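In structure tokens, the next block holds one chain alone, the form predicted alone.
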């Protein structure tokens, strides 16, 4: 690492690993419940497990984005973080909010709207926490020795993520209006401003890992990300088909949802092209694997599988079914989870002084988790299509259909076991690297450690 204050990123990444592991536990509980075995129901009802599972996903990804920003911004601005101690305070506050929310879910103190379950007081605390984070990185950029496109797009994406949380806090008793504002948060995060964050982090990683000129990467990557961002904004319309909004959303949502896969395809092709063009063999090959894998799998999950069921004629039958879970799991994994894991893979050797993250167990983690996720996606697809045919076409009742598709969840649980094995190997590698070193290492892109650390 280049600056001492970058060490704070490790604590955010460590929190990511803990929350990610916990999310997988609740995913298993839900998988067994779907397979017809729910012995924990008196303690952890399905709706509680679902709320915890999805909220843990959001929190650990946001924590990962913050950790990535705390590592990237000092290097891009060429100075220490403006308020290093505030970063630690902000992390503690975020963890406290998360713990209180999870306890509240289990005690059933609150049960809000889907994906926005936490109560209003915790909403305000989340907004304050994120604004403190924005102020910290904003002042670092403002007082820095240089201002790069990568740092500015990352800052803008994180700022808009904070501001777009506010529409979800608008009080209303109207179900249509409530759903309308809710998708401003949920959709415009994951298919809007988070894509700016994704583009900025991908840009940083490609610059460091490939050796291609910054001007080339920043110019073309942001053309592609800009197209993805713009198509994603109006693509919000595919959530408005059946909630009581005007019929013109069928056209807007259908057209712009169909454009999103082209943008993600362009991103995948571009990332591969930059990796091939790079004239430098970076020692951290696993970080490059996660980076290129992120671009490819985001096209598969967010682009192709999203397109597969967001046309109005198809979505009429697939909305609210396991087809959505098929798309959602692969999309979040490819676009954002792999992005955070790529950033951790790159930063960890520099933070801890270890020579590299490129070990057999690290490669095992990459391939096993991805194969497991692909298999999970296929299991969701088979279960979802069966559900659509039996429930939406044949007309069988919901409970009967759920019994019919239980067998597919045994296949999903086998795939989930493979996925968890891969993630466990990744977490093992993270723990094996240890805590950050006390000294500031040399340049931020070498991927190597000082001679004394190589023997560790």
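The model shown is predicted, which means the values in this text are computed figures rather than measured ones. Residue numbers count along the first chain shown, from 1.
Just so you know, the form predicted together with a small molecule exists too; it's not on screen, but the next bit is about it.
Contact with the small molecule in the predicted bound form, defined as a heavy atom within 4.5 Å, is made by none of 3, 77 and 208. The chain is drawn here without the small molecule; in the predicted bound form, the stretch among 221-229, 148-156, 114-122, 346-354 whose residues come within 4.5 Å of it by any heavy atom is 114-122. Residue in contact with the small molecule in the predicted bound form (any heavy atom within 4.5 Å), chosen from 201, 365, 337, 292: 337. A single residue from the set 217, 379, 373, 81 has any heavy atom within 4.5 angstroms of the small molecule in the predicted bound form; that residue is 373. Although the partner is absent from this view, residue 20 contacts the small molecule in the predicted bound form, with a non-hydrogen atom inside 4.5 angstroms. Under a 4.5 angstroms non-hydrogen atom cutoff, the small molecule in the predicted bound form has residue 420 among its neighbouring residues. The small molecule is not drawn, but in the predicted bound form it has no heavy atom within 4.5 Å of residue 52. A residue is said to contact a partner when one of its heavy atoms sits within 4.5 Å of a partner heavy atom; residue 331 meets this definition for the small molecule in the predicted bound form.
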